[in-house]
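Shown below, as structure tokens, is a lone chain in the form predicted alone; questions about how it binds or moves come after it.
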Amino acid sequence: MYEGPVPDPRFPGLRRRGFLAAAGGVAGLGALALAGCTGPAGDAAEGGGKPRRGGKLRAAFAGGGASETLDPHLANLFADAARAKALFDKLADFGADLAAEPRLAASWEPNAALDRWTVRLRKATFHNGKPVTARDVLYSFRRIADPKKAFRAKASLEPLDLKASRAADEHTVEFALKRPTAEFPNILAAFGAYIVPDGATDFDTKPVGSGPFRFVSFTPGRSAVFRRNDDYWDGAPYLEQLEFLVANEESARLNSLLGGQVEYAHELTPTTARAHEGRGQIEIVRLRNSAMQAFAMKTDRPPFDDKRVREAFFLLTDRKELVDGALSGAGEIGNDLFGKGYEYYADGLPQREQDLDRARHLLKKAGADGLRVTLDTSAVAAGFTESAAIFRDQAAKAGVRVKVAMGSKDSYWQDTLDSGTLCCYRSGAMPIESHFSQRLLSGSTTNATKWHHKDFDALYQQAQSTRNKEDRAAVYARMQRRLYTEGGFLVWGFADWILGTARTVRGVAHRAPANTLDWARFDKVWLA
């Protein structure tokens, strides 16, 4: 039998942590009637005062240059995601605890076999006044799943049989799945799984969404201006206007905030936070342990196609020195696995310590004495250049010569996805199974380590279709043990995500990791 979901008073039928409970038959799941989310729980009032309507907030983010787009299905960077969630909605999104919470979906209900789910939509309208319908949902998902395209959420939607899925009526979608999938709500909340109008293809000149803000203007690599959607189903935003400005240098974002050119600066460094915290000029917001910090080794090419070399790199790393030096201590050490503290995280594995003798032995066995390797980095993210320099010195102690190569801030992520052998890497929050599906399956579109193993793909599919929660956790643990032993992500730390705001800004969530619902949620922010 299914174990009953642990009740959350905000969302009846949802578990407090992570996923729907599935531990046997269907009794106990039933129909999941979901209340709407009216704001960042426990966070919206942080900063104090009564919400005030009006005003324009300008937010500075690192961007992607002239190739930027407002197509929500192509969102990859944090700037893309922040703009997308202002214009568009998903059927569900992740709360601060990585539990799927309802957005455009009003309810979801499985059949007895867990291979067909019925989703009922809440009443919502697009910016052109047309209602959000089941046809729009199916169009959006089928567009993402187009085999000729490389949309971010495609791998996450893989369990869906979209040819067999149908609109039962205007507000009801019957999703057919290729296999039983107990964690179906995570598919609805997948990064990039936004709902767009049926037939929509033009997203850069006049995008139409159902989100809290309406489109005004967009200049790729520079600015996007949106205005309040007074008809938003979750309540009109307090702000009259919202402008996203691109500033790739952290110093530019900080100086713009200090100079009053922006009211919100995304991704500041720990050094900046220490210098300005409590000084009264700006407010510093720390989203604790939000960002995985890692080096990505490409496992399909020398020297990292030899798992002994990968293990040697795990062992030559001093994680505490990296956290203290690159993050100024603003975080905690990692253990070569994503998702520390999330549901299904394999916290029982031994914490890796630096072992230079063992690292040298493994390199010698692999014929890699005197190994030389290039480490790609960039000032595109806080701590990247610092971690590269620290790691270069650590590797030298094991006889490895690391050449640090500085890449373009505008194209770093695309450049390092397929090129090079070793690069600095980071990630915001997502469920562990989403990390698997988006980055570690043979068909994943953002597989930075080129981890292509059919047996690993099969384990993922087994976990997704395993009814019993404990059995499913065991499969995830097996997958993580494999990655811990021979994976391509050298996860050395988990950093605080640091934001800066003007002292007049209120309603910024303080406990929402990056990539979750309440992160960069400007519809609940106001200016005092």
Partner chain sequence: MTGLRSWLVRRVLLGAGQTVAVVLLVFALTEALPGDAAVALAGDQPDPGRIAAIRETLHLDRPAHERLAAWAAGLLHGDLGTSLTSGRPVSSYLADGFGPTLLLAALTLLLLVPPAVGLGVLAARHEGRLLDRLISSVTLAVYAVPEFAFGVLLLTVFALRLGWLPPTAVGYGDDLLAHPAALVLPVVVLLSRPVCSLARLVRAGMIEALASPYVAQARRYGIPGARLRYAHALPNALAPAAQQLARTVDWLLCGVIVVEALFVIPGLGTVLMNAVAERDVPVIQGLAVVFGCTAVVLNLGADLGTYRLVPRTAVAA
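Positions refer to the first chain, counted from 1. Keep in mind the model is a prediction, meaning the values are calculated, not measured. Rigid core: the largest C-alpha set superposing within 1.5 Å between the two forms.
The form predicted together with its partner chain is left out here; the points below concern that form.
Quick one: of Asp115, Glu267, Asp410, Glu311, which gets a non-hydrogen atom within 4.5 angstroms of its partner chain in the predicted bound form? Going through each option in turn, the one that passes is Asp410.
Which residue, Gln394, Thr385, Thr272, Thr445, is the contact with its partner chain in the predicted bound form, using a 4.5 Å heavy atom cutoff? When its partner chain is considered in the predicted bound form, the option within 4.5 Å is Thr445.
Quick check for you: of 86-94, 350-358, 299-307, 68-76, which stretch puts a non-hydrogen atom within 4.5 Å of its partner chain in the predicted bound form? Going through the listed ranges, the match is 68-76.
Can we say Ala330, Trp451 and Lys454 each have a non-hydrogen atom within 4.5 Å of its partner chain in the predicted bound form? No, the candidate spot makes no contact with its partner chain.
Contact between Gly341 and its partner chain in the predicted bound form at 4.5 Å, heavy atoms? Contact with its partner chain, no.
Given that the partner is absent here, does Arg103 sit within 4.5 Å of its partner chain in the predicted bound form, heavy atoms only? Although its partner chain is absent here, Arg103 would stay clear of it in the predicted bound form, with no heavy atoms inside 4.5 Å.
Does any heavy atom of Gln261 come within 4.5 Å of a heavy atom of its partner chain in the predicted bound form? Within the cut-off, so yes.
Taking heavy atoms only, is Arg319 within 4.5 angstroms of its partner chain in the predicted bound form? Outside the cut-off, so no.
Looking at its partner chain in the predicted bound form, which residues in 248-282 have at least one heavy atom within 4.5 Å of it? Heavy-atom contacts within 4.5 Å come from Asn248, Glu249, Ser251, Ala252, Asn255, Ser256, Leu258, Gly259, Gln261, Val262.
Core-superposed C-alpha of Phe489 shifting 2 Å or more between this form and the one not shown: Comparing the forms between this form and the one not shown, which are aligned on their rigid core, Phe489 does shift its C-alpha by 2 Å or more.
Quick check on Val285: with the core superposed, does its CA move 2 angstroms or more between this form and the one not shown? The answer is no; the displacement is under 2 Å.
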